[in-house]
Ligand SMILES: NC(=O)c1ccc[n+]([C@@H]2O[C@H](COP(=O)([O-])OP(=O)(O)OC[C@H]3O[C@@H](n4cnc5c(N)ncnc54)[C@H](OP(=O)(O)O)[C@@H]3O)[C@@H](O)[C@H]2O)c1
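We begin with a single chain expressed as structure tokens, specifically the form predicted on its own.
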Amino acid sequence: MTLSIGCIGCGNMGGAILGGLAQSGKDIKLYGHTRTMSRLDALEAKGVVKVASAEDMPSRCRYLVLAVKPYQAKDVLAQIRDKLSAGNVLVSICAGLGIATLKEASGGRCPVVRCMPNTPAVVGEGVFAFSFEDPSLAPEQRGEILSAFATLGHCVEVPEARFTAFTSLIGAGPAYLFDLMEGMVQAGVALGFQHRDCRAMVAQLFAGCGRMALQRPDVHLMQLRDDVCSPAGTTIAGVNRMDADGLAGKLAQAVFAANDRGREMEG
């Protein structure tokens, strides 16, 4: 049976999910609805079916991704609640809204899954956290969700109690890394490289280091760092300066600050 997935809210992340699924090669029927329907034009060219009314989405697709702003979620669910059935599964990527809140807002008419993506999903390299703690969710439904989203990146199952922590570390993580990349690009330009060339080199540096960390999981990250440092060399001089400035600690504090804010939003 052909899988059917729809998305309400097709901004940056919702659009990335639909676009990635459209290019996955999987047999999936895709539907999209958003307030500004012209945003769907490019996705329509990839095979996504435009749906003019949010109320029509539950009858068109089995899996319904809720990708609106968190403050809009309850109003949207109120619009579609009476159209939901046990044959639907609501997959919410709305930060700060727990399964219990989503179940109440949707009238308990269908299973609810919580999902938190990050923006590299746009290029098929995202990290997706899922909470499958709703007891009404069937194992088959869990498997279909994981199979579909695995085409967009790496999927992990995270207890709902750890969702704010995941958001602070991985959901917000691209902002931290892009900030680091920008600092390195600026330094490279100051050293005489063209901005375009320096950006490409730095981006490849981050991609290559990430692949090394993935392919050598038994090697401690500090060992990978030390492998680059020759005695009395240039690299150790730079590393010592970073250590003196407490860069690693500052990154950790950024994650903790994001986590504190996330808990405030959920409270």
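The numbering used is simple: start at 1 and walk along the sequence shown. All values reported here derive from a predicted model rather than from experimental measurement.
Keep in mind the form predicted together with this ligand is missing from the figure; the text below concerns it.
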Legend entry - L64, heavy atom within 4.5 angstroms of this ligand in the predicted complex: no
Inset, instruction - Find out whether any non-hydrogen atom of I8 is located within 4.5 angstroms of this ligand in the predicted complex, and reply yes or no. - result: yes
Inset, instruction - Indicate whether L84 is a 4.5 Å heavy atom neighbour of this ligand in the predicted complex. - result: no
Legend entry - Contact flag, T151 vs this ligand in the predicted complex, heavy atom cut 4.5 Å: no
Inset, instruction - Specify the contacting stretch among 55-63, 205-213, 34-42, 230-238, defined as having any heavy atom within 4.5 Å of this ligand in the predicted complex. - result: 34-42
Legend entry - Heavy atom within 4.5 Å of this ligand in the predicted complex - residue from C110, I145, C94, L102: C94
Legend entry - Full three-residue contact with this ligand in the predicted complex, heavy atom 4.5 Å, for T164, S168 and A254: no
Legend entry - in the predicted complex: members of 10-30 within 4.5 Å of this ligand, any heavy atom: C10, G11, N12, M13, G14
